[in-house]
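Take a look at this single chain in structure tokens; it is the form predicted alone.
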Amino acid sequence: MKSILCNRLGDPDVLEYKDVDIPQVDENNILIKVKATSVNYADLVMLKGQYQTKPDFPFGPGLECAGEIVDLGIKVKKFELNQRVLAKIPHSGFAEYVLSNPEFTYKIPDKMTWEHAASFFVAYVSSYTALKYQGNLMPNQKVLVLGAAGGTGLTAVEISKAIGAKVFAAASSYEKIKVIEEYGVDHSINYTDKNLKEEIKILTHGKGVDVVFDPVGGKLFDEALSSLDWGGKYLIFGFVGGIPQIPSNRLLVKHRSAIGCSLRFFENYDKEKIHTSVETLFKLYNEEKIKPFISKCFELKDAPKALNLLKERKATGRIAIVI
């Protein structure tokens, strides 16, 4: 089978397009013939050797995939051959076949496309668990979403709207603003030509927002933290713009909280919330309240180009690799 592999750490250009053996199932796992996979920022971090887990060489990028079950371990009871599924996997999803853990494999809705299924788990489940369980976002509360036109940001916008919150969506260009405005946001802010803190102050009549969802970090952190109302929650989701330092005095004086949001916590310590989240998100998908925005599709051999697009922060929505 064809696979994208990493034999040394670095940028996407170190990746190789190679022939390897199809993996064989053991008694407890599933073999999926991959129809599509997607790129995530964590793939870039893993290639640099800076991810929480460090696979042995050779390994490949790809934390999620969608496809058809072609083989099953003898102890796998809740799945059947030929079922359409998506799976969250540790790595190496950029391949024609992958092995998956039944616990994080899910039968997908009948009308869900391969591209949507492959782009579903990491972004939507991560955003949902952060907003629902860590941010405790409620109807009519105000949420500021940074990087709102990105793959994760758009999912946070959709989920916040589905919850019934008022969404203040921030992005870095008018092209990206056009994308997020199609999602029914309450207010959109181009933070390259407006001061984010001042705009939020005006739009909330001086109060601020209840929750900040931040997959960006960097220079936006300071303005976004100042945008929180009393008792507000700052959801730390990623650092594509750099890792900020958190001034504890500014949390104290307005009773604010800064909360790290890691999907791996739920995978390791609270799996039931993962499964409940997937069930809820599939329901929202069937009701057409959420829908992954796939801005570009690539062939497997062009996976480094897809990752470089993400690295250069030129991507809007999700990028899929169709196999």
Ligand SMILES: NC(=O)c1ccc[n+]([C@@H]2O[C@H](COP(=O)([O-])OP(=O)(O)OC[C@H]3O[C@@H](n4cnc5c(N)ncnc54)[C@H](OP(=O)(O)O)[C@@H]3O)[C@@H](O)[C@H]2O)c1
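A residue's number is simply how far along the shown sequence it sits, counting from 1. Since the structure is predicted, the reported quantities are computational estimates derived from the model, not experimental observations.
Not on display, but discussed next: the form predicted in complex with the named molecule.
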### Partner proximity in the predicted bound form: residue 311 to the named molecule, non-hydrogen atom cutoff 4.5 Å
yes
### Query
Counting only non-hydrogen atoms and a 4.5 angstroms cut-off, does residue 244 reach the named molecule in the predicted bound form?
no
### Query
According to a 4.5 angstroms non-hydrogen atom cut-off, is residue 163 in contact with the named molecule in the predicted bound form?
no
### Query
Taking heavy atoms only, is residue 171 within 4.5 angstroms of the named molecule in the predicted bound form?
yes
#### Entry: Residue (of 216, 200, 87, 131) lying close to the named molecule in the predicted bound form, criterion heavy atoms within 4.5 Å
216
### Query
From the list 278, 34, 30, 42, which entry has a heavy atom within 4.5 Å of the named molecule in the predicted bound form?
42
### Task
Given the named molecule in the predicted bound form, answer whether the residues 20, 61 and 114 all have a heavy atom inside 4.5 Å of it.
no
### Summary
Per contact check vs the named molecule in the predicted bound form (non-hydrogen atom within 4.5 angstroms), the hit among 230-238, 79-87, 245-253, 202-210 is 230-238
### Task
At a 4.5 angstroms cut-off on non-hydrogen atoms, which residues of 177-192 are near the named molecule in the predicted bound form? List them in order.
191
